[in-house]
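Consider the single chain below, provided in structure tokens and representing the form predicted on its own.
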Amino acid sequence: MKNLSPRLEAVASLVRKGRRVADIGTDHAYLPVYLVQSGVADFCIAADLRKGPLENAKKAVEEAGLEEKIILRLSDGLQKFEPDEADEIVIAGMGGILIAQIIEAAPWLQKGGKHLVLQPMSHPEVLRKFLITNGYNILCETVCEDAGKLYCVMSVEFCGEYIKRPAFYEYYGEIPQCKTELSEKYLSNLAFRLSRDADSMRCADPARADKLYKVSEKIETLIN
């Protein structure tokens, strides 16, 4: 069984067992191969926007002998998917803005009890704001460290209603609930970065700077 990177291990840990999985932006299909080999997934669709990554994915699937369990698909996000093809939707390794756009373009995710595992490489606050304002509930989050960088991974379901959240929730989400060394490190780094960004824009955009200072202070209060 191929070992996953810490980032993909964190993603895999939030996938529900025994389901049909769609991996969007699969690249080498390392995650689908792992999920099937480990018994987490019964079946996977490994999708990518480009033919090159799908060729790499094909090699990995064939080497693992999983052609009957993992199928490959050329698709821009979820555009080439039918609503009943997968229960678990993994969108990992891309920016939070793009992930939000992919979800927005697939309204069928709001039906049938779909479960989303999302791992933004950037702008997680944009993704969280999109989710909570469009009826999605962030069930939990985890933090991983990969190649010296910290990433969050979200477990998400559509609930169809707006859930009132604390101030500036989009910046920290459910990470304070993790209560691990990595989650505290993530929050500490985030608070520092926001404060630094506020310092740099105090003259050019004092209103924005003031908000970022307040967010940074809020996050500091959440760190144990």
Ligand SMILES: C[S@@+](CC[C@H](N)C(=O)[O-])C[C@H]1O[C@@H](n2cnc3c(N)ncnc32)[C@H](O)[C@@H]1O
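Numbering starts at 1 and follows the sequence shown. If you're wondering where the values come from, they're calculated on a predicted model, not measured in any experiment.
Quick note: we don't show the form predicted together with the ligand, though the next part is all about it.
Distance check, G93 to the ligand in the predicted bound form, heavy atom within 4.5 Å
Judged by the heavy-atom cut-off of 4.5 Å, G93 is in contact with the ligand in the predicted bound form.
Contact test in the predicted bound form: I219 vs the ligand, heavy atoms, 4.5 Å:
No - in the predicted bound form, heavy atoms of I219 and the ligand never come within 4.5 Å of each other.
Report yes if any heavy atom of E170 sits within 4.5 Å of a heavy atom of the ligand in the predicted bound form; otherwise report no.
Outside the cut-off, so no.
Report yes if any heavy atom of L98 sits within 4.5 Å of a heavy atom of the ligand in the predicted bound form; otherwise report no.
Yes, L98 lies within 4.5 Å of the ligand in the predicted bound form.
The ligand isn't shown here, but in the predicted bound form, which of 44-52, 151-159, 185-193, 64-72 has heavy atoms within 4.5 Å of it?
So the stretch in question is 44-52.
Members of 57-79 lying within 4.5 angstroms of the ligand, judged by heavy atom, in the predicted bound form:
Going through 57-79 in order - heavy atoms within 4.5 Å of the ligand in the predicted bound form - the hits are S75, D76, G77.
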